[in-house]
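Coming up is one lone chain in structure tokens, specifically the form predicted alone.
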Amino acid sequence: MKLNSKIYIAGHRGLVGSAIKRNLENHGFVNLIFKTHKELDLTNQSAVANFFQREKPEYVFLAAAKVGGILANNTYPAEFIYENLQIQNNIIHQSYLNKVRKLLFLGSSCIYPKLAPQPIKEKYLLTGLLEPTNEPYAIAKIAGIKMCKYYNKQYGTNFISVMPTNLYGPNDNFDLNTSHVFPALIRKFHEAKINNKKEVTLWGTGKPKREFLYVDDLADACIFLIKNYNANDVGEFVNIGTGKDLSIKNLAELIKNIVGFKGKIIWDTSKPDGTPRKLLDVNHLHKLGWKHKVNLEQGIEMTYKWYKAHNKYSLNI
């Protein structure tokens, strides 16, 4: 990519898209295109077609998606599969029709079987049953991977797919009804601290293990890949993560200490845990020449600082 290349970031206001936008701007890219949902409904086929025909982007980062945690996935399964399929189908197909040079599609580690061997290698895709609580979202993301693969095969496109691990950082979703575990923990402990509560109740047993990647590291990896590799070099897709995990209980204790909450944690074991463990094998990514830079403690501190300064839920103290 050149600094004046025309680059479209789908989902530029979300956790991932905003990090990609921030990275590109910091590196001097000056011809970035992005639209809000009001300006462009990505589930609308004709609207997306008109946008691509008018703008003719050279590169596309497909970071737009309907996302959420266990509660949101359980509550809105039809919306999760429908909206994500619509967004992907429209953007990937129009990228082909309008001769986009490269597209990078962002999936999710929930595409893998619930009981996949650990750490999870790319070859484990479609080797077992999915975690039921996020199956609609996972199926949509698997369809996106396969769509990129078969468009590359049939049409000679250059569409790269990447599978990030659990992400966190600036512009995350801190709404307790729809958020993932990381931002939910930050908000719960922060609000408990400022309200002088003696305890915080968390879902499940705390035993499941998860891997977490700071979102600016993900953006750096995506831009590294799209600048240096083609789809044939990457393969069907590549995992992006740290290669390290910890239990939700240990994560909660870490966030609790950084936030400064002094009370007790109560685990509500009547609530679901989700997948027992989800650690990505990142050897393929390391061989391509990229490794993460931000450790978990640094990332929590930076995310909490951003939350207090920017988030509508935070009573900044």
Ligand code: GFB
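As the structure is a computational prediction, the values presented were derived from the model and not from experiment. Each residue number is its position in the shown sequence, starting from 1.
The protein also exists as the form predicted in complex with this ligand; that form is not presented, and the subsequent description refers to it.
Contact test in the predicted bound form: N134 vs this ligand, heavy atoms, 4.5 Å: Flag for N134 set to yes.
Even though this ligand is not shown here, does V48 get within 4.5 Å of it in the predicted bound form, heavy atoms only? No, V48 stays farther than 4.5 Å from this ligand in the predicted bound form.
Evaluate R210 for contact with this ligand in the predicted bound form, applying a 4.5 angstroms cut-off between non-hydrogen atoms, and reply yes or no. The answer is yes: R210 has a heavy atom within 4.5 Å of this ligand.
Indicate whether G204 is a 4.5 Å heavy atom neighbour of this ligand in the predicted bound form. Contact with this ligand, yes.
Check for me: heavy atom within 4.5 Å of this ligand in the predicted bound form, for each of S108, A184 and D273, yes or no. Checking in the predicted bound form: S108, A184 and D273 are all within 4.5 Å of this ligand.
Which of 28 to 36, 265 to 273, 282 to 290, 55 to 63 sits within 4.5 Å of this ligand in the predicted bound form, heavy atom basis: Selected range: 265 to 273.
To verify the annotation, which of these, N171, N166, T242, N89, has a non-hydrogen atom within 4.5 Å of this ligand in the predicted bound form? In short, N166.
One residue of K102, H180, K193, K114 in contact with this ligand, assessed in the predicted bound form (non-hydrogen atom, 4.5 angstroms): Contact check passes for H180.
Could you run down 237 to 254 and flag each residue that has a heavy atom within 4.5 Å of this ligand in the predicted bound form? Sequence-ordered list has one entry, I248.
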